[in-house]
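Heads up, the chain below is alone and in the form predicted on its own; it's given as structure tokens.
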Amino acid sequence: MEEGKAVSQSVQESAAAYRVIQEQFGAAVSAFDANETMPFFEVVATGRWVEIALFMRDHAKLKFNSMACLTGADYPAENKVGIICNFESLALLGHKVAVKLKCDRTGGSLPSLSCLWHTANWHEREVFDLFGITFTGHPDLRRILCPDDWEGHPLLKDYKVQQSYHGIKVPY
């Protein structure tokens, strides 16, 4: 966090939670960003994602028992796609944090969290459908919004809308 910058109590609580995570995982996580809207950090060692998430859920000082959201993001300048997960500790301190992960834009994959938070199941399917990220270990990874034979992933910034689908003109 920047020195001399006043931060809210909730950001301070989130920073304290991050320090517990950083102590345990070191270089596997990025520096903390004390964003007032939603403080966040990035998991740079994506292979450790399930381990980090389990630690966040179960550690006595963290208890991130709610995954409020998991959404996709496209970073074409980096040739990456990723996810942003919003976690809250509803049972303990009320602290919250967003966690970002990135993978290759073409053929990228990240470990699934559906075994830790059931809500991740549908969120990961949506990100798979709209951004093309594969979630390893997901129990039922298939499209959820587009038909199974839809071409491409509609929320990628360079997505080109099909002109027709099974002979039906696609409006755009």
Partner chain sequence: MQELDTVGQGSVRVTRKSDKLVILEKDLATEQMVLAMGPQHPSTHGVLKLECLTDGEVITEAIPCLGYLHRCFEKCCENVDYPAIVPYTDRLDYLSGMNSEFAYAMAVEKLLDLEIPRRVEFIRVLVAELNRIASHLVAIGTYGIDLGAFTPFLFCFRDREIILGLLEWASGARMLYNYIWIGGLANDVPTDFSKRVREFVNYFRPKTVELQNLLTGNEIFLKRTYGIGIMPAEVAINYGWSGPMRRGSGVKWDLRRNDPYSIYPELDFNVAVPDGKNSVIGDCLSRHLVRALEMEESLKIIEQCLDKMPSSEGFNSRSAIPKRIRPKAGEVYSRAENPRGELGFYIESDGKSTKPVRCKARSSCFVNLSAMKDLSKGQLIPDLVAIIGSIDIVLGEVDR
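Positions refer to the first chain, counted from 1. Only a predicted model underlies this, so the values are computations on that prediction, with no experimental measurement involved.
The form predicted in complex with its partner chain is left out here; the points below concern that form.
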Three-residue site Ser8, Gln12 and Phe41 fully in contact with its partner chain in the predicted complex at 4.5 Å by heavy atom: no
Of the residues Leu141, Ala34, Cys69, Cys103, which one places a heavy atom within 4.5 Å of its partner chain in the predicted complex? Cys69
Evaluate Val29 for contact with its partner chain in the predicted complex, applying a 4.5 angstroms cut-off between non-hydrogen atoms, and reply yes or no. no
Does at least one non-hydrogen atom of Val50 fall within 4.5 angstroms of its partner chain in the predicted complex? no
Would you classify His59 as touching its partner chain in the predicted complex, given a 4.5 Å non-hydrogen atom cut-off? no
Does at least one non-hydrogen atom of Thr46 fall within 4.5 angstroms of its partner chain in the predicted complex? no
Restricting to 147-172, the residues within 4.5 Å of its partner chain in the predicted complex through any heavy atom are Pro154, Leu155, Leu156, Lys157, Tyr159
